[in-house]
Each structure stands twice: as structure tokens, then as C-alpha cells.
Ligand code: GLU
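Below sits a lone chain in C-alpha cells, taken as the form predicted alone.
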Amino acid sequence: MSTYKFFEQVNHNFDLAAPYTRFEKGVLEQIKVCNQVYSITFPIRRDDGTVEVIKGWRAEHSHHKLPTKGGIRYSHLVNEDETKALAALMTYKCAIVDVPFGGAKGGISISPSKYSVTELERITRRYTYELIKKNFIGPAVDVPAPDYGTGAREMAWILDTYRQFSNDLNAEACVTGKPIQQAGVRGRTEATGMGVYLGVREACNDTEDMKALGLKPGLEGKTYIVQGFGNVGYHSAKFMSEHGAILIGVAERDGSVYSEKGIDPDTLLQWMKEKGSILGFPGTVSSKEKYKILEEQCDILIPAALENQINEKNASKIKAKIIAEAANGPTTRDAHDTLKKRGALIIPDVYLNAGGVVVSYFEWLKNLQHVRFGRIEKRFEENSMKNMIDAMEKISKTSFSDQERLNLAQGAGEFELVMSGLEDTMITAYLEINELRKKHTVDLRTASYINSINKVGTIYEQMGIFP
């Protein structure tokens, strides 16, 4: 059994790609190394009056571009190795989708469910204070975002705490993933899941690849299973199903549900909210075994939980033809090799779940510009379209209904502009890595790392730091 740690597995993938680039060993080492790691320990007083010592980290992997960017994770599994690995993935991810950030990541070693809201607020605010003290947060320095165990609420606490220590006009840009009412951006909640759907769609539109897998091009009719039905898993399923794919299985922390006839993601989410579990969902077979469902026959498997979920124990039993890595590091290096030898198409995490950071970039830009996307041009676009519709009616001697005119003339608002930007980004990035994959006869993961190394290494050269 492999004993590789998460960061070592990320570096292993880097090492596989490095020989396909033109950079010398020293440059490659600089790209790969984690530049700064801040280990944080602080006390908080719990609601019952007792004092507990909290452990956290913030890793800034690469400063080739600033600010650095990466989420904050709350989980009892958080440790320094994981934080460094996730920070490295962020560096490569940002490069792949051409977002001008270096990679970073943060985490606090707690189980959020074991703390009250007031305790979580105290923890978040103290963690933010520690970051401020060491200059590990700021619009031009390091910009956190939500990750596993955190969300818009925690990001709002971070912003409020930062403001208490700074009169920076651009303070809102110190963190992304904020509530809409507190300078967040529309579409951030859906972003990672939408990015997963877009990446899978692009892969499925490759006629040559689908033929090799014995599948028809396109998403229509393809069956898929999702592991993890949180924000990323749910939205991935929502967009996949809306575009013709069929959800047949879902795994969560307490078990799994399965139905060959298909499962509606929205109805399942409502059930989970009401019951606190996906188990017992009508029309499905429930099981308290949460990993077995990954081995069911399906076209696409979407691991959207934590790292190392597909490993040497279960990789040989997985029958899916496409592995779409919505989570970070869900497949170990040995499992990747097993799946690759079987002929599966693996769409790697370092590309596929980049939707979150793409839209975080849009939010950061919005905060720096101090204006909502669409505010300036929306009405102008609508008036222009109305004039065009009037001209079309005169030329064709036909008329549009009021509803048709409304639909045709509607200008793009913030959500539409954000989703359009995300779609263009994910399509362009996939075309780039797929071209590299075919050029070098490698898999998509190695092609993604080749792409990242080329972009980051070129920036280092242009900066002139290697005399």
C-alpha cells in the first residue's frame, strides 16, 4: 500500500510533467517548493467557560503572482501537509485557468459540528487576527475563500475583522465567497459545480475520446454517480442533470442511495435538508455502506468529497469510464495508474474544480472596481436589442409577443456575465490541456501540470529572478 502524503502526491504529479518542459532543475524546484507556511496556535473560551487551544495553518505556495489565493478549510483532518498540498494545487489551478494569483490555502483543525455558532465566530475572528498580524491576508497580499467546512458566513466574519484593523479602501477584496449583501458576487455559490459540469461537457464532446470509451459524444443519457452531496456535489449534479445526464447514485458521510431510474438532485437535496440524511429517499435503494456505490456501473463518477477517496483498495473495482475529480486530490497516485491502465478518462482536479477560483477572481475584481457587473451596460444593451427587434419586425413584417420581446431584449446582469466568463474560461483551459495531452501522448493530469509549469516558469524568467 502507498504511504505517500498528499503534498508528496501533488509533487509526484509535478515530477511526471516536468520532463516535458524546458526549465532547468533549479527553476523547477523553485516552482514546486512551498514558499511560506504559517503555523498558528491560539486559545478560545468556549460557551461553557472552558479554554481550548486551537491549531491552524496558512500556506502560501507561490509568489510568482500576487495576491496569493486559496480557501480556508475547517476539519479535524486539517494538518500542515494537507494545507501545503492544497496551496500547491491552487498555484497550478490558477495558472491553468489564467487567473492572476499565486496559490495559497488555510485550515483550522476542528470539526465545525462540535462548536456553536458563537464559538465558530470567535475562532474565525481570532484566526483572521493572527493572519493580519503576520501579513498573511489583504487584497494585494493573500485572499482567502470558502472551502470544506466554511461558507459565506465565515467569509463575512473575516471581512468584518479585517476592516477593524484596516482603513484600506479595497478592504472588501481581502476575502471572496462573501454574502451578496456584503460585496459578494452572484454565481459564486454555484461556481465550482458549474465548472465541473462545463469540464465534463467539454470532455464528452470530444468524439475521438468518447469512441475510445465506447460512448456517444455529448452528455445526453450518460449515467453518473456523485460522492459528496455538499455544495460542489449538489451543483455538479444539478447542472449535469439539467443537461441530459442521469444521476443514478449518491454517496454521503452516512451512506448512499441508488436508483437505475434516476434521481432528481433538487428533490434529494430537499429530502436531505428535511431528514438530515439522504438515506431513505423514496424510489432508491439505501445503504449505510458509503464507498461501495463508487464501484457501481456508470459512465461518469464524480468524487466531490475529500482527498484519497479513490485509492489502491477500490480503484480496480471502479467501473466508471470517466472519473471527474470535483474534489481536491480524490484519487491517489496508485489508483490513478490503475484507472489509467484500464482505459478510464480521468479529468483532473487541478483543472476540473477551478470554477470556484475563477468566480472568486471575478468577485475580487468587482471589489476592486467598486461596481456591480452589468450595472453600467445592462440597460444600454436592452435598449439596443429593442431597437434591433423593432427593425426586424419592420423588415419581416411580423411581430413578437410581449414575452418574446422581453426575452430577446433582456440585458446581461451580474449572474449571466459571471457564468459566461466562467464558461469561456473552462472551455479555453480544456482545449489547452487537451492539446498538450495529445502532443505529448500523456494523460490529462500530466498535461495540466505541463501547462501550469510552462506558465509559472515563464513568469519567473520574465521577473529576472534567475540571473
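Position 1 is the first residue in the sequence shown; the rest follow in order. Bear in mind the structure is a predicted one, so any value in this text is a computation, not a measurement.
This next part talks about the form predicted in complex with the named molecule, which is not shown.
Student: Would the named molecule in the predicted bound form be within 4.5 angstroms of a non-hydrogen atom of every residue among 83, 109 and 329?
Tutor: Result no, not one residue of the spot touches the named molecule.
Student: Which of these stretches, 421 to 429, 63 to 71, 30 to 38, 436 to 444, has heavy atoms within 4.5 Å of the named molecule in the predicted bound form?
Tutor: In the other structure, the partner sits against 63 to 71.
Student: Residue 145 near the named molecule in the predicted bound form, any heavy atom under 4.5 Å?
Tutor: Yes, residue 145 sits close enough to the named molecule in the predicted bound form that at least one of its heavy atoms falls within 4.5 Å.
Student: According to a 4.5 angstroms non-hydrogen atom cut-off, is residue 357 in contact with the named molecule in the predicted bound form?
Tutor: Heavy-atom contact with the named molecule at 4.5 Å: present for residue 357.
Student: Residue-level contact is defined here as any heavy atom of the residue lying within 4.5 Å of the named molecule in the predicted bound form; does residue 236 satisfy this criterion?
Tutor: Close contact is absent here: in the predicted bound form, residue 236 is far from the named molecule, nothing within 4.5 Å, heavy atoms only.
Student: Heavy atom to heavy atom, is residue 353 within 4.5 Å of the named molecule in the predicted bound form?
Tutor: Although the named molecule is absent here, residue 353 would touch it in the predicted bound form, with heavy atoms inside 4.5 Å.
Student: The named molecule isn't shown here, but in the predicted bound form which of 310, 304, 196, 90 has a heavy atom within 4.5 Å of it?
Tutor: The option sitting close enough to the partner is 90.
Student: Within 4.5 Å of the named molecule in the predicted bound form, counting any non-hydrogen atom, which residues from 151 to 185 show up?
Tutor: The one in contact is 176.
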